[in-house]
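Below you'll find only one chain, the form predicted alone, shown as structure tokens.
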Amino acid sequence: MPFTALGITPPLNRALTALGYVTPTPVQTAAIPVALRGRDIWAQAATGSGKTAAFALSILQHGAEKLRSTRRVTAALVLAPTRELAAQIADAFRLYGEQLASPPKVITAAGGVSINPQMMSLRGGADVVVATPGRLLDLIDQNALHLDAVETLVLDEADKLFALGFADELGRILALLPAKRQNLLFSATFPPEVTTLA
């Protein structure tokens, strides 16, 4: 089954072809059509299963279908447990979106490095923010980022978010998000705290 059969548009499909993607993985086949319909997803997906494309493609397609205003607002927020994973996800968004008429502005916000470049990169807004919870809250506290326009929240590797002690940060972030939004949760395992969150 080609990606177009899942509802993926030609520009995104061209980017996937250029990257060597031929057929969707099981998690992509299951998740992409549901995500494109704006539904919430709760998926068990291991590292390497193709879950990044499962959520990134639907987010990029929704963004491309909207007329961009003069001011960028953060329409999609992806939370990841580590700086390395956040960087990988952001790179994937950029690669998948290369063929779009208006490629998205994707910002990585993660700890372990100076906050100043991240604050500078958020000037003028961003379409997609991929962040670790602690650094995201730092940026919010600095008034560098607002979450009031977020339409899609992705929790990637949700079990690791809890294992690394981000429960309080997740609670604070969820309280700042609009009540009406799409939620995409991916986790390799479902311990009780992840099930409760979902």
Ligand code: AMP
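Keep in mind it's a predicted model, so treat the numbers as computed, not measured. All residue numbers refer to positions in the sequence shown, first residue = 1.
The next section is about a form of this same protein that is not shown, the form predicted in complex with adenosine monophosphate (AMP).
Is there a heavy atom of S58 no more than 4.5 Å from a heavy atom of adenosine monophosphate (AMP) in the predicted complex?
Answer no; every heavy atom of S58 is more than 4.5 Å from adenosine monophosphate (AMP) in the predicted complex.
Going by a heavy atom distance of 4.5 Å, is P24 a contact of adenosine monophosphate (AMP) in the predicted complex?
Answer yes; at least one heavy atom of P24 falls within 4.5 Å of adenosine monophosphate (AMP) in the predicted complex.
Contact label in the predicted complex: N143 to adenosine monophosphate (AMP), heavy atom within 4.5 Å:
The answer is no: N143 has no heavy atom within 4.5 Å of adenosine monophosphate (AMP).
Tell me, yes or no, whether T132 is in contact with adenosine monophosphate (AMP) in the predicted complex, where a contact means a heavy atom of each within 4.5 Å.
Close contact is absent here: in the predicted complex, T132 is far from adenosine monophosphate (AMP), nothing within 4.5 Å, heavy atoms only.
Region of this chain that lies against adenosine monophosphate (AMP) in the predicted complex, out of 42-50, 162-170, 146-154, 133-141 [heavy atom, 4.5 Å]
Looking at the other structure, the answer is 42-50.
Tell me whether F3, G20 and Q28, taken together, all sit within 4.5 Å of adenosine monophosphate (AMP) in the predicted complex, counting heavy atoms only.
Each of the three qualifies.
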